[in-house]
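In the block that follows, a single chain appears as structure tokens, in the form predicted on its own.
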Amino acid sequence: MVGGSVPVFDEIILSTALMNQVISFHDVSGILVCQAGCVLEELNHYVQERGFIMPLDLGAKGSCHIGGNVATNAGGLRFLRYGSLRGTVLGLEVVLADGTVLDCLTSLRKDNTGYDLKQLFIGSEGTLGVITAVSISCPPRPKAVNVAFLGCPGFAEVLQAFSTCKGTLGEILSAFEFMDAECMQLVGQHLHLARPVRESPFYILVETSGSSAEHDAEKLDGFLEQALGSGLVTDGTVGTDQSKAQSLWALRERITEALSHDGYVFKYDVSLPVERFYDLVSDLRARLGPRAKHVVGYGHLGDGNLHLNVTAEAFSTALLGALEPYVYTWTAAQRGSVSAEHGLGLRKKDVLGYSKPPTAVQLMWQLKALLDPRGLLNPYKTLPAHA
């Protein structure tokens, strides 16, 4: 997405794929300790057999490593319910640039002894140290999961549905995803996935996860009745069995794949206040006009993360010039983040200043110089030039 793991000039690639052992798992606390090369999906299977789930779920779960997930502070589909890795990772083992092994692999939920050093490495994209082991808190596996796919007549109704959803579903709300009509058009056109509800300007996917199927179904029915009765939702379908739920999730998860079939894709991953969430998409459609094939918006509305994608027949320098820095200045004007969940890597390192003040960037450089004075670890990434 941002070239965070792509070699640029003379780097040697370090793989942790053989470091794939579970070190320990506690059946009462749900705390997993494992090596960094464990594949996320395999870890999820491991803890599911013991009545738990990983707090992280990504489209790339079949191949991504937990160490890389932590190094990039990956967000994903369960963020709304379980929060970021900054909250669920309890400890790390990290090898520093000089070969020192930093063992902070605690399994304690509460440890208020000085600086929380693990936070330096979560989201540092491998620039401060190499994560070799992770201690992570896993939530109990929900006994009941429901997925509702709904059509909304406007973005104002999407926001009102989100507020209603939070108030009605409360603790069982685990995901609230949104996509616009053009997303659904592309998913149908390129992937031949059928739309399960009447055509609408916007769509939302709501997932609940809880411990009682009857209780959860009653709460979800209450939300749907209220949303349909007040006009927030015009049509919908609910999946309670795993097969139907997966087919509804596919409509959201495979948008990226559909976009890749539409031509060259300019991708942006930003955080915005939810009340301005879709305005950027509308503004760009007006700004770009026929120069773009499609301008689409979708993402994790529950945590303010917009995936903005623009497709064209081929890469165009002129189109890129119309997009950047416009997208970044627009986001900065809303005090948003230019990278919500995919990091900075190579492509976004020089736009860090749109989201962080100079004093913060300077302190980041000082930390880099302290921990990696020779610039050995993931060079040319994350931080802008000193100037």
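Note that residue numbering begins at 1 and tracks the sequence as displayed. Treat the numbers as computed from the prediction; the structure is a model and nothing was measured.
There is also a form predicted together with a further copy of the same chain; it is not shown, and the following applies to it.
- Taking the partner from elsewhere, every residue among 102, 114 and 169 has a non-hydrogen atom within 4.5 angstroms of a further copy of the same chain in the model of the complex.
- Considering a further copy of the same chain in the model of the complex, the lone stretch of 313-321, 272-280, 228-236, 195-203 in range is 272-280 [heavy atom distance within 4.5 Å].
- Contact between residue 338 and a further copy of the same chain in the model of the complex is found at the 4.5 Å heavy atom cutoff.
- a further copy of the same chain in the model of the complex comes within 4.5 Å of no heavy atom belonging to residue 95.
- Although the partner is absent here, residue 48 lies well away from a further copy of the same chain in the model of the complex, with no heavy atom inside 4.5 Å.
- Contact check for residue 366: a heavy atom falls within 4.5 Å of a further copy of the same chain in the model of the complex.
- Of the listed positions (185, 211, 256, 240), a single one reaches within 4.5 angstroms of a further copy of the same chain by any non-hydrogen atom in the model of the complex, namely 211.
- Contacts with a further copy of the same chain in the model of the complex, taken as any heavy atom within 4.5 Å, map within 350-372 to 352, 355, 356, 357, 359, 360, 363, 364, 366, 367, 368, 370, 371.
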